[in-house]
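Below: one protein chain in two forms, given as structure tokens, structure 1 then structure 2.
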Structure 1
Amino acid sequence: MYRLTEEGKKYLSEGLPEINLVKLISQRGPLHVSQLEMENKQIAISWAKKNGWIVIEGGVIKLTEKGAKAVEEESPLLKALREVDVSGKCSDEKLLEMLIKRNLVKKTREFPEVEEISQLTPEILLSEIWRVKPFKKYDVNAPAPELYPGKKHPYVAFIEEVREKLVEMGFEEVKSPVVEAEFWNCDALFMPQDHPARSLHDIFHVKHPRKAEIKDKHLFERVQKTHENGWITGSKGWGTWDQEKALNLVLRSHTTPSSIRYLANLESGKEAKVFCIDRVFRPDVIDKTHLMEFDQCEGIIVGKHVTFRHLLGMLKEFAKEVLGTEKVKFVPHYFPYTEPSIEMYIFHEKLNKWVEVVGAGMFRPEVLKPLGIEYNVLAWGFGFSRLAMLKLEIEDIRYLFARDIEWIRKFPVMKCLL
């Protein structure tokens, strides 16, 4: 169907501007453009010239013979305009195109009113009237009340996402105690007892009970000898070792004790791939990038033939599967219990810079021999909470543990990988 626009309705009642112009010239004779006083003057002159009804010489508008005839005859365009107004159609397609081009007519769609089913009821189902009546369509753009269904905390969802990816990569999850002996947290990792990371400023010490008991006395002795003189590891050791300090109870400062405990109980000659995602504790000053408790993720690969190259390959796969990127680079680094050691960086597209995400290396003989491990062990780990901040695009680590309902409600259920 076609309907007149507001301009079309006006022209239908008052006449087309070009017709009104030639009628005026016919009555009054030639007129200078400056003397012409009428609405839509420019439109009238433009269309009258296109139709060959007038000529302008020295700024004076004169009527042509064709224009004189147009005064006497009814305008076909006006007739078409009237036809559309009455019937909603036009028999002359060229005139219709002209009307649409001049924005005097517009095309519309009109549908007959039909009763529609907007809501299913038991009566409608039983009567089977739904078989013959149409259903009302949903308008997905219509305003609707805000609903907040239950959903997982974004941080919990991210932890589960990474855990699932690691399991898909063939890793098995392991756990270890939150309250740990310094022996497992530090000494079994060949970390010297005077290392700055073992000071009161870097580890929470448990007040009661203060001491742990190490049931495997042979392991305890082997670690002691390794610290004192290197034992059979080829190392010179650290020269001294205090048994009492090794038995101090602390809140674990990293998740690596879970790997060490696993290795201590690993059957001789067995290969393995394990990981741990869990809470660790350090006496940091709380700010937007530091908390006193946060999460770490770390893992190991035990294999007869695994090498440092396997570690790099695994980390590349980790970056692709877990972090969602293939842009990685490795930088040499130092860690007390791995050698060689590296840090892996990924290129963060949104930040447009390289970001350090993983520390890794091969466990030293001083770590493995006291545990009775004969194979190479590849080790890697990262600050899980820091990575989550990148993933979830937040600048304050405290949001990861926030109970801010408004923030949780507005946070999208799904977010793209890095």
Structure 2
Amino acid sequence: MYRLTEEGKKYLSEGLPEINLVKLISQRGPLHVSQLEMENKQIAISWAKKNGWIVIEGGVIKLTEKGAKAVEEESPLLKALREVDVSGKCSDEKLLEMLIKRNLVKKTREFPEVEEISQLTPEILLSEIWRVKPFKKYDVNAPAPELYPGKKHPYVAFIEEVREKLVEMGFEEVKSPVVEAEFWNCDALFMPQDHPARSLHDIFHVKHPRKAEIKDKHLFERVQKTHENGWITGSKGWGTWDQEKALNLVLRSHTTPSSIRYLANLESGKEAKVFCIDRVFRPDVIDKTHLMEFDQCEGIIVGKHVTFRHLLGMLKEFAKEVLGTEKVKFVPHYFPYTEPSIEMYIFHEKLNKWVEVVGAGMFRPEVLKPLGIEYNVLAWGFGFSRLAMLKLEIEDIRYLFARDIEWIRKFPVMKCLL
């Protein structure tokens, strides 16, 4: 196979320089070399001389008889050049040799004769054989192998969505340790020490290591007094408190310790909006709707002028932005560390019923005073994993942690959008 070089292509379109030269002389008559103005002047003169088309006498170029004939006839060399361009071959060996010698044509790799092109290859592209051969017809409906792009876990992708939304709403994210002191998990929340939620059946107690050491001794003491007799909070308190129990280590059973730890460090007089999305642990029997560990999302608003009315406003906004609905209603409820406490229901179009989604309330004075917080604090929280089930349309909560690569490969990323 042969193809034209850049020079060869140029000559094919503009003509061979020696032909151009004899044509010029035949039109204008003999010319002095110095008067000749054309491209590739030296090449033209040299080849015209070699071919015996011109003679130069005293610097003047004159056409020979042979030269005059060459003007009339089509140049065999140009013809050969055209042949190579079209077919990649040349029937005249001598002319081909000449073309190669003049670097107008280059040899390329040999190809087996193909009737049609199937797989396009670099060779086909280089040889430009595609100019003359037809493409094999392909069926666009023929099956293609499945491809699964690398991706985030669907549940994690959904968590990222909600996190993004809460940040947009002006909340700052906070964290707390997985292994937590009962003090932060319960006592600082004014949950009485004999509260059923604090039993071994409802919180994972840690066997090793066993005891925490609360660094803020003053806070520890204030919480103790609040439990014992209400301290200065105006409360009756619970009557008793055992500091050894408060030091027990547990796996955090809710995300509220992150809010409480944040409040304990909050500068006096500062307003704030913070949230937390994290794993929590409870000794449940695993089934379609229960896991021993799942995620919770919660947030608090600290503000000089915030009131219960703002709690409702916040929840409504949350329902609109995160849950995608404005159909909400509130019912009174009970949580040990908030008062008043409420639950927000949203109307679930698919299930055609009201479902409770968010628990909320205002932290009790017995919680806030020991932390040194003077302002009202609005708090809300919900089981994130259950929300994800609703949004990702998963019937069985265990699927969130399923060890099944196919499920991850095939779960459409768009379903994870808010």
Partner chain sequence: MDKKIPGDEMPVIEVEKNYLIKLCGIPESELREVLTLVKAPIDEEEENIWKIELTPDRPDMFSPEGIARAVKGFLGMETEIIQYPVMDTEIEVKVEKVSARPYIACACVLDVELTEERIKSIMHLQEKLHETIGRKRKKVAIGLHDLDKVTAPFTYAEFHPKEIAFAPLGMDEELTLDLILERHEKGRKYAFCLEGFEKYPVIIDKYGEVLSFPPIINGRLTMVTEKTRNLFIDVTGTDKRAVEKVLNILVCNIAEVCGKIGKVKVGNEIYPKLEPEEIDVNVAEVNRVLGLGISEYETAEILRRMRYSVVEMKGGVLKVLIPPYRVDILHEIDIIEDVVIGYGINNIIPELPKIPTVGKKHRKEKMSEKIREIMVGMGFHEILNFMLSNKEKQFIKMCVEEEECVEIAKPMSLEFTVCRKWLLPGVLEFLGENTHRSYPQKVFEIGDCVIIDEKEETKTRTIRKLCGAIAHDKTNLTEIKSVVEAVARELNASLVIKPISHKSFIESRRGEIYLNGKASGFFGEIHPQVLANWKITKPVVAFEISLEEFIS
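Just so it is clear, the model here is predicted, and its values are computed rather than measured. All residue numbers here follow the sequence of structure 1, with the first residue given the number 1. For clarity, a rigid core is taken as the largest C-alpha set superposing within 1.5 Å between two forms.
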message: Between the two structures, is it 1 or 2 that corresponds to the form predicted in complex with its partner chain?
response: 2
query: 2 Å or more on the CA of Val331 between structure 1 and structure 2, with the rigid core superposed, yes or no?
result: no
- request: Using a superposition on the rigid core, decide whether the Cα position of Glu83 changes by 2 angstroms or more between structure 1 and structure 2.
  value: yes
- prompt: Has the Cα of Arg398 moved 2 Å or more between structure 1 and structure 2, judged after a core fit?
  reply: no
query: If you line up the core, how far does the Cα of Glu146 move between structure 1 and structure 2, in Å?
result: 2.9
